[in-house]
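Okay, here we've got a single chain as structure tokens, the form predicted on its own, with questions on binding and movement later.
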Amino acid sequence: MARKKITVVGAGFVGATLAQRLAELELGDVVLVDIPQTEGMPAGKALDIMESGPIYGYDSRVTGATSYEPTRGSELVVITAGIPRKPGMSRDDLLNTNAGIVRQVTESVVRVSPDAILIVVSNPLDAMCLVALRASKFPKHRVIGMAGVLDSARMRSFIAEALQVSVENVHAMVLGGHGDTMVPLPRFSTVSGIPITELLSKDKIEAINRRTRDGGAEIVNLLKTGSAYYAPSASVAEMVESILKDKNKVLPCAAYLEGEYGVDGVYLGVPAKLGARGVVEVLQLNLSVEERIELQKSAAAVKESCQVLGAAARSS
């Protein structure tokens, strides 16, 4: 039986590390795509990953390409393409630049893989998901954003560190936009089923919440150049596995909402069941008044970004 085909667009640190993780998990054959200006770079990285196969024992084939034809018939496409924010660049500049990149990439992959599921990783994440949804004209359940899995993994790490327990015992829930307005939920974060509100003081929980929100910035500040890619690639791999194996794992990710949590018409981080269709179901938590207010604030910030994109599109 032929293996499934997975495309990763963007052969930078996130994309290339993801290609390696997908190959090691033997989830399918991987095509790593990047722009023609990079010449042999995606092919070189792909060959290097494939030559690790005999050592790690995986038979997944990894190929590199600078065109979309080799991606034809992909079951799943991950979009990591985009530029990081540069000195002197406003948030709106980054938003509009990456929107153009994500739009072009989406249109290109959809032409050759019209039945694929799309996972968007490019930032600003929630707004880029909406760009991909509109450009693809796919149903909403087939366009998903990776954010909450990463944010929750960071929170899990900090909880495990604070309590000196195994990360395997820790579950955490982070909702909302992927940025400063994300909403960590201590009430729904547990250690072997015990809410962390019963194990940690309010001050320690608030410190964990704050570090979770600043998780990406903390790594950027330490690296000086570049941003996180090990944990982001691991987060995407978990989503890909749940979809391609139809595991129906409940994972926090960016899904298009139409009334859930009182939010309509935007992508927002929520707990979602991921299976062969993509988003099988959005689960609605019974939030407190305070939690709901925080989530509404986060949704408002995402809507503001989307309005900037809309204004730019109308003026172009």
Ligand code: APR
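Please read all numbers here as calculations on a predicted model, not as lab measurements. Counting begins at 1, following the sequence as shown.
Missing here is the form predicted in complex with adenosine-5-diphosphoribose; even so, the following discussion is about that form.
Query raised in the report: Which one, 118 to 126, 239 to 247, 137 to 145, 192 to 200, holds residues whose non-hydrogen atoms are within 4.5 Å of adenosine-5-diphosphoribose in the predicted complex?
Result: Contact criterion met by 118 to 126 only.
Requested in this report: Sort through V183, V131, V105, I208 and report the residue having a heavy atom within 4.5 Å of adenosine-5-diphosphoribose in the predicted complex.
Outcome: By the 4.5 Å heavy-atom cutoff, the listed residue in contact is V105.
Requested in this report: Answer for V9 alone: is it within 4.5 Å of adenosine-5-diphosphoribose in the predicted complex, judged on heavy atom distances?
Outcome: V9 belongs to the contact set for adenosine-5-diphosphoribose.
Report task. May I ask you to state whether L285 is within 4.5 Å of adenosine-5-diphosphoribose in the predicted complex, using heavy atom distances? Result -> The answer is no: L285 has no heavy atom within 4.5 Å of adenosine-5-diphosphoribose.
Query raised in the report: Just to confirm, S113 within 4.5 Å of adenosine-5-diphosphoribose in the predicted complex by heavy atoms?
Result: Output for S113 is no: heavy atoms all beyond 4.5 Å of adenosine-5-diphosphoribose.
**Report entry** 4.5 Å heavy atom contact, L175 to adenosine-5-diphosphoribose in the predicted complex
**Finding:** Taking the distances in the predicted complex, the answer for L175 is no, it never comes within 4.5 Å of adenosine-5-diphosphoribose.
Query raised in the report: V149, G179 and S298: each with a heavy atom within 4.5 Å of adenosine-5-diphosphoribose in the predicted complex?
Result: The answer is no; none of V149, G179 and S298 reaches adenosine-5-diphosphoribose.
Query raised in the report: Though the partner is not shown here, which residues of 11 to 27 have a heavy atom within 4.5 Å of adenosine-5-diphosphoribose in the predicted complex?
Result: Counting only heavy atoms within 4.5 Å of adenosine-5-diphosphoribose in the predicted complex, the contacting residues of 11 to 27 are A11, G12, F13, V14, G15.
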